[in-house]
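We begin with a single chain expressed as C-alpha cells, specifically the form predicted on its own.
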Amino acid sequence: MAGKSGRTIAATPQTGLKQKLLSLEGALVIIFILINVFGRVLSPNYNLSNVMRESPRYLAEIFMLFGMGFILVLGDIDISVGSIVCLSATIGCLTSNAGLPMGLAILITLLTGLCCGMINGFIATRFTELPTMIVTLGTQIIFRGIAEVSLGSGGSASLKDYEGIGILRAKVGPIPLAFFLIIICAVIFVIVLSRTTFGRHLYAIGSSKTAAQYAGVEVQKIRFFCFTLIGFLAGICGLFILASTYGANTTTGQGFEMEVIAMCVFGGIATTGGKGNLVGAFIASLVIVCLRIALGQINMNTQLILVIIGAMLIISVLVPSFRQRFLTLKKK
C-alpha cells in the first residue's frame, strides 16, 4: 500500500533469499563456505577428518564466546579471560599432580575460573567509576602472575594422569566431544539472549545503564552475574586446553581474550553495547577456526595468522561505518 509520503509500504516484511543473504549472518555463512573452499584449494590435506583432528585446541576458545557476547552487549569488556584460562589450567594440572582424584581436580579447575570471574564482577560492580577495561587489565596481570609463580622456575607443568582427563578428548566418530558441548551451549545462550527477559535486560543495560536502572533492572547484579559466568566459561576453556595439551605453561591462554573479542565483533556484536546477537558471533567463530586450521595446513607463521585475523576484525568494524555513510549520502 502507499503511505502519505507516496512511498509503497510492504504489508509483510521481506524475508526472501536475497534479504537473508544480505544479512550479516548470511554473509558470514557465505564467508564460511568460501574459507573451506579456499582451504581445500590451498592444501590437499584440508578435509573434514583433519579439521576435526586439529579443531579441539581452537574449539576451547569458543566456550568463552558466549560469555563475552553477554559482556559486550552490556557495554563492558573483559580482557582477563586469557589469564583466567592460564590460571585454571595451571591449578588443575598442579592439583592433579599432587595426588588429588581427577574428578576433584576438574572441579577445582572450574571453581578457579568461577572465583576469578567473581573477583572481576565484585570490583566492576562495587567501583562503577572504574572502566572495566582497566579493572580486567589489572586482574589479567594478577591472574597470570599467580600462574607463573605457581609454575615455578620451569614455567610449565605436565599432567601425570593422562587417562583421568581422557574423557574430555573423547570423540563421537571423527567429531570431538567439545564440538557437541559447544553446539548445546550455543543453543542455550542464543535463546537466553534473544528470547528471555534476562536477554532484554542485557540489551537495555547496554543501551543505557541509567535508563535501565530507572526502569527497575538490577543492573549491578546482572553485571556481576555476567562477569562470574565468563570466568566459569574460561575455566571450562582451561580444562579443555589442559586435556588437549596435557599440561600448562606461562603462555597458556595468551591472546585468547583478543581472539574471542574478535569473534564477537566480527559476528556483529558492538563493543559500545546494546547491539548484536550470538548467532552471527558463533558463525564468525567457526570462520576464524577454519581459517586458522587452513593457514596452519601450509605452516604459515602463527603471528602472520594473527595479523590476518586482526585485519579481518578491522574490516568488520569499518564495513558498517562505510555502509552507514553510503546510505546517508544516498538519502541526500
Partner chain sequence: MEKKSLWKKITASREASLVIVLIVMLIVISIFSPSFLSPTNLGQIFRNNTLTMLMALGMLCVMLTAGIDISITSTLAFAGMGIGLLQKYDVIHNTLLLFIIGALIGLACGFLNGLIIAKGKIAPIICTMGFMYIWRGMAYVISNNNWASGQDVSGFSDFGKDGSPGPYIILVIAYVVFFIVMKWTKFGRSIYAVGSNPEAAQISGIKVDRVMIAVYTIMGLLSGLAGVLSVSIYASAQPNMQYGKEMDVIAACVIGGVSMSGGRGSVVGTFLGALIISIIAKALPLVGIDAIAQNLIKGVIIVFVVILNVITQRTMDRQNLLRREM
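Because the structure is a prediction, the values reported are computed rather than measured. Residue numbers count along the first chain shown, from 1.
Another form exists, predicted in complex with the partner chain; not displayed. Remarks below refer to it.
Participant: Do residue 152 and the partner chain share at least one heavy atom pair within 4.5 Å in the model of the complex?
Facilitator: So residue 152 counts as contacting the partner chain.
Participant: Is residue 164 part of the interface with the partner chain in the model of the complex - any heavy atom within 4.5 Å?
Facilitator: Residue 164: no contact with the partner chain in the model of the complex.
Participant: Could you confirm whether residue 79 comes within 4.5 Å of the partner chain in the model of the complex, counting heavy atoms only?
Facilitator: Flag for residue 79 set to yes.
Participant: At 4.5 Å between heavy atoms, is residue 306 in contact with the partner chain in the model of the complex?
Facilitator: Yes, residue 306 lies within 4.5 Å of the partner chain in the model of the complex.
Participant: At 4.5 Å between heavy atoms, only one of the stretches 129-137, 177-185, 225-233, 91-99 reaches the partner chain in the model of the complex; which one is it?
Facilitator: After filtering at 4.5 Å, what remains is 129-137.
Participant: Please tell me which of 28, 291, 265, 59 lies within 4.5 Å of the partner chain in the model of the complex, judged by heavy atoms.
Facilitator: When the partner chain is considered in the model of the complex, the option within 4.5 Å is 265.
Participant: Could you run down 243-261 and flag each residue that has a heavy atom within 4.5 Å of the partner chain in the model of the complex?
Facilitator: Result: 254, 255, 258, 259, 261.
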